[in-house]
Ligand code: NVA
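Presented below, as structure tokens, is a lone chain in the form predicted alone.
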Amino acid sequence: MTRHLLTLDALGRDDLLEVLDLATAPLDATLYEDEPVALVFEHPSLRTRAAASVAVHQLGGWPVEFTGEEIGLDARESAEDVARTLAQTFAVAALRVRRHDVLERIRAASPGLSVLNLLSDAAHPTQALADVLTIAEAHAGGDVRGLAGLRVVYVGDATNVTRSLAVALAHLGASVVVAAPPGYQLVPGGPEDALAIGAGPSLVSDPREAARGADVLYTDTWVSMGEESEAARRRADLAGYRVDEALVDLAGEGCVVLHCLPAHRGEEVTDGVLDGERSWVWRQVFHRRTAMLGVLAWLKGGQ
């Protein structure tokens, strides 16, 4: 049966653990021997593109990259026709798209093509997998089954990253708190619904209350791709949600700081925190490739 990874909600706990186990298992450099993998980027990408390209190479395959302008999803041709075209050459297509429904339509149009979500407006599963691997390294000796009871606090705009991370950590028994102002908080519904899981995140408005006793403080940019016209309003609304030295001091002694990048230094996070001794941000970047290796190996298991 063809496997797909569009959200961690759909993946479920057992397959989540399988992906994470494969990510840290010995590398099989022949798993994708001489196989092409399609990588489609509607959005600009640094870490995701680097991680995906290198991971495909490490598993013996070769990535073929397309920009949004080259393919023109639903502009030059329909997402369905793109899916049918890709399926004639590729067994796996990994896509970074503006709208999550495009991924669902591609999967439906070509059921034999494994579809991997590299980012959509609803979810960012590969980022969340890298985050889990980083948190496990920081607090559990690398054991993803040892995260139960950890307090992970997300501060600021609750984005696609927040949703995927909250789903993953809920499956692993961690306690998730999201501190965000009205209009920026998690809401129920959608394909990556963290609030539908039994041990879902706690929602608060006060970042200082949330940060006390945190094992992990996580933040993301306040102005994401496509939101540039809202930049001034967003910066004003979120001004009290900066992760700075004072907020970090409220957290537990062993607290680490995460950020999925790119960072707008001085806005959602200060230089002192991002470059400080508690920052595990660059280890997150390292684990983007670790996570991608696990996902690609898991997808192969369904072929």
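Keep in mind that what you see is a predicted model, and the values were worked out from it rather than measured. The first residue of the shown sequence is 1; numbering continues from there.
Missing here is the form predicted together with norvaline (NVA); even so, the following discussion is about that form.
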Within a 4.5 Å heavy atom cut-off, is Glu192 in contact with norvaline (NVA) in the predicted complex?
no
Would Ser224 count as touching norvaline (NVA) in the predicted complex under a 4.5 Å heavy atom rule?
yes
Against norvaline (NVA) in the predicted complex, would Cys260 count as a contact residue? Criterion: heavy atoms within 4.5 Å.
yes
Norvaline (NVA) contact in the predicted complex: Ala214, any heavy atom under 4.5 Å:
no
Among 154-162, 172-180, 82-90, 136-144, which stretch has residues with heavy atoms no more than 4.5 Å from norvaline (NVA) in the predicted complex?
154-162
Picking from Leu119, Ala130, Val115, Ala166, the single residue whose non-hydrogen atoms come within 4.5 angstroms of norvaline (NVA) in the predicted complex is Leu119
